[in-house]
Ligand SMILES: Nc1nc2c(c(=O)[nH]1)N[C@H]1C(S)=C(S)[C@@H](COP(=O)(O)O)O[C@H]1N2
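There is one chain below, alone, in structure tokens, taken in the form predicted alone.
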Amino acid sequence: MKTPFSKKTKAAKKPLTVDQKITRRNFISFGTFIVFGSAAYGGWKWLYNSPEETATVTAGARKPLRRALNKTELAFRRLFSNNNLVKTYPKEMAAKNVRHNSDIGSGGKIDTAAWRLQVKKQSGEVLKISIDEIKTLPRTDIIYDFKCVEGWDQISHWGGVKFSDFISHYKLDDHAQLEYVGLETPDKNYYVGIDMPSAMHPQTLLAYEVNEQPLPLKHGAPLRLIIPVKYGIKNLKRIGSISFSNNRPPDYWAEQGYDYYSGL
């Protein structure tokens, strides 16, 4: 029996209707979007307004971004292993018409018979090697998914000599102990710097064939780099010279603000 001193019982809370539940979820979702969107915009604005890096072998990027890219390169190089191979495919999956993007450094004709690959040794000696001499070395094929920084990819078939076999044959093993290798087109208009572990990767080729045919001009005749652990911007066409260094060699796209490492 109720007495005047009895406490009033709390009215039971009514369950939310479906519409109320939807409204609450929308409010939470919208609020979360606003918070994260504001944080992302603030981060972008901070990066956009940060000072640009001092131009050296890299340029065009904001200082914080370049620092992050450089740290990423060091992390990948510490974890890198030649046992980590890029996936390969059967020959019938290779594209018959292999895509190409740019002719920087490889436009126009070239006299293949007169062409010589110049290998610049630390001593100052320069080896001059013909394409026929390169073709006498053990031949290797690779069929893999070539990837471009623009977002496209294509399974393609390349043939040539392993870079590591080339190094061994020409007794350049001491040079392979250095940090970097630089490659440049004969006209010096295009050039890349490659970290040595990637250059010595067992799938890296000095390629002189595509689809078991001699390289056409648009694909870098007579010799190009195929380096599956890198994006296409590092796969230099029409190699004119190779050099070795403990310092980063010049790199065409790194000077435009791209990642120097450009690894996959």
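Computed from a prediction, not measured in an experiment: that's the story for all the values here. One-based numbering along the sequence shown.
Missing here is the form predicted in complex with the named molecule; even so, the following discussion is about that form.
- Judged by heavy atoms within 4.5 Å of the named molecule in the model of the complex, the contact stretch among the candidates 174 to 182, 118 to 126, 144 to 152, 89 to 97 is 144 to 152.
- Interface membership of P222, defined by any non-hydrogen atom within 4.5 Å of the named molecule in the model of the complex, is ruled out.
- When contacts are judged by a 4.5 Å heavy atom cut-off, W158 counts as touching the named molecule in the model of the complex.
- N82 falls outside the set of residues with a heavy atom inside 4.5 Å of the named molecule in the model of the complex.
- For the chain shown alone, K237 is a contact residue for the named molecule in the model of the complex, at least one non-hydrogen atom being within 4.5 angstroms.
- Annotated contacts: A61, R67 and Q256 are all free of the named molecule in the model of the complex [non-hydrogen atom within 4.5 angstroms].
- Residue in contact with the named molecule in the model of the complex (any heavy atom within 4.5 Å), chosen from N101, S168, T136, S130: N101.
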